[in-house]
Structures are given as structure tokens and as C-alpha cells.
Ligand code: NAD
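Starting off, we have a lone chain in the form predicted alone, written out as C-alpha cells.
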């Protein structure tokens, strides 16, 4: 099966626009394309540039709110490809307590896709989420893996999930009615270095790694776990994610076709803590916070479709990804304790 990526279809001086590039995944995507030799990358985020997760040398970095229509128009001027990963989001605690802010992210995609269409952009990528799936299929930790068709009948997670599902529809209709080539990936729990690890927006792997570091530093080997620890998820390492984005964006069989981008390695939160304890070489007493946000009981990615279309799936083992993530968060933790600037949100 032929592998098609940006290098195969673009010139190295074609303009790539990446929205949300001050954040974790989009920042890694900017670095990915830079390292592939692309010389014109416009990275945009509403955060002030000094607060970005990653600032890639040679990449045009702009602080701008893309929920404002005029800014979206400026952002995509001259773009051959647009990657929209901009959204107000975080871990489950943020998503459940900030539904209005999550829903308002639809303004970003609405303005960006219209601006890209008017600018004559060749391809438009939208980062969707597994939160778009029907929640009634995710009420058991022993959940069956979710296929792309399981988004309908629709019953997405309130706020964030509905924003993703409706934005997917925008992409599909812009392709059907206006001829803009769009591509859609449903992310499943991305983790790795250079992401949020404290402050309230962090996701489970980063939060649990930080808590393990804190336990060692304080000498109090205790950890609070949201929920009963039996809830299950799959977690995708960041390098798999950015490579998958490239493959999905440049596959003609995936135009306006949502596809899972995640691993199928299902683990419980308790197992995730087990792995982190093994990496940190500690054991912690666990306290379960049953009133804390916990999300759905179980969620996993069915990778049948991505293997069929791409002959590939994200495959970095969770333990392997956690080792580098833990090491990076440990370094960040002690840098912060020493008063140095660190990645937050």
C-alpha cells in the first residue's frame, strides 16, 4: 500500500497554516513539518507567543484569536493547507465544567473553514475527538471499541463532543457543496512531552505522572484518583498522532470522511497508575474521588478502518510513551520548583 504524505504532494515552500499551534498537539505538528523541511509554516494561537508550548525556529508565530472572523481571514491568506487544531479544551475536569467555552470553539472552525474556502486552500484538516461518539455506547468499562459509524445516532458528550460533531458536519458539507477538500480525524487521548501537566487542563497520563513526582518529592506516597479507577481508555503517543495527521490529510480515500486516530490498547485508570508506579519505582496509597469528573465509563478506538485505508495504526506502546512523558514532567516539576518557566496551559 502506497504511503502518501505532505512531502509527496507539496512543494517545500508551500504555505502550511496550523491553528492552535501554541498548544500541545498543534505545536508538535508545527515541529513535525519543520523537521520534514517545509520552509513556510504559519503557526497561530490566541495565547501570547512566550506562553506557547513549543516555539519552532523558522516558523512564523502569531498570537491571534481565530474565533474572530477577520483574524481567520488573515490567518489563511496564501495557505495551501490549513490544519485547524484550535479549540478551548483540556482534560475531563475542564470539559465537564466549561461546556459553554467548549461549544464556542465552533466559531473557530466556522470562520476558518469559510476563510480557507474563500482563499482557495487546497486541503483543510479538522481535529475532531472521540468525545463525538454516542455516549450510550460507553457506559461499561469493558466497552467494545468504537467504529466510525458509532457517532450516529448522535448523543455526543455535552459541550465539547457536540462542538466536534457539528464541526465535522461543516467539513463534510463544505466538501459536498463547495468542493473544498476536507479531512477529519477523531483523536483518542493524546499524551506525551511538551503538553499541559498542571493547572486544571491536563489529561490523565500527565496528571498522574505529576502526582507521582509530587509523592516522591513530598515523601507522602499517596495519590488521588478521579472516579473508581475502573474506567477505561486508550492513549496515543504524540509522535503517532502527528504522523497520522499527515497520512490522513493526504489520502484521497479519506476526503470528508471521519476516521479514528488512536491506539486500541485499552487500559483502566488503575492500570495506568500501575505503569507509572513501575516507571517511578514507587507504590502509592490510592484514594478514589467518586464525586470528581470521570467522563464515560469506557472508550476505545476500533482501528479496523485506519488499517484498511492506510495500512497503519498508532502503535507506540503505552508504557514506552509514559517513560518519556514521566521523565519530561519530572524535569518540568523541578524546574518550576526552582522558579524557572515551564509549560502549563
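Positions refer to the first chain, counted from 1. These numbers were taken from a predicted model, which means no experiment stands behind them.
If you look for the form predicted together with the ligand, you will not find it shown, but the lines that follow are about it.
Looking at residue 275, you'd find every heavy atom of it more than 4.5 angstroms from the ligand in the model of the complex.
In the model of the complex, the ligand sits within 4.5 Å of a heavy atom of residue 129. In the model of the complex, the ligand sits beyond 4.5 Å of every heavy atom of residue 322. Under a 4.5 angstroms non-hydrogen atom cutoff, the ligand in the model of the complex has residue 53 among its neighbouring residues. Note that among 188-196, 116-124, 144-152, 218-226, the stretch whose heavy atoms approach the ligand to within 4.5 Å in the model of the complex is 188-196.
In terms of contact with the ligand in the model of the complex, the residue from 309, 64, 279, 297 that brings a heavy atom within 4.5 Å is 64. Between the options 247, 233, 203, 183, the residue in contact with the ligand in the model of the complex by a heavy atom within 4.5 angstroms is 203.
Taking a 4.5 Å heavy atom cutoff to the ligand in the model of the complex, the contacting residues in 144-173 are 160, 164.
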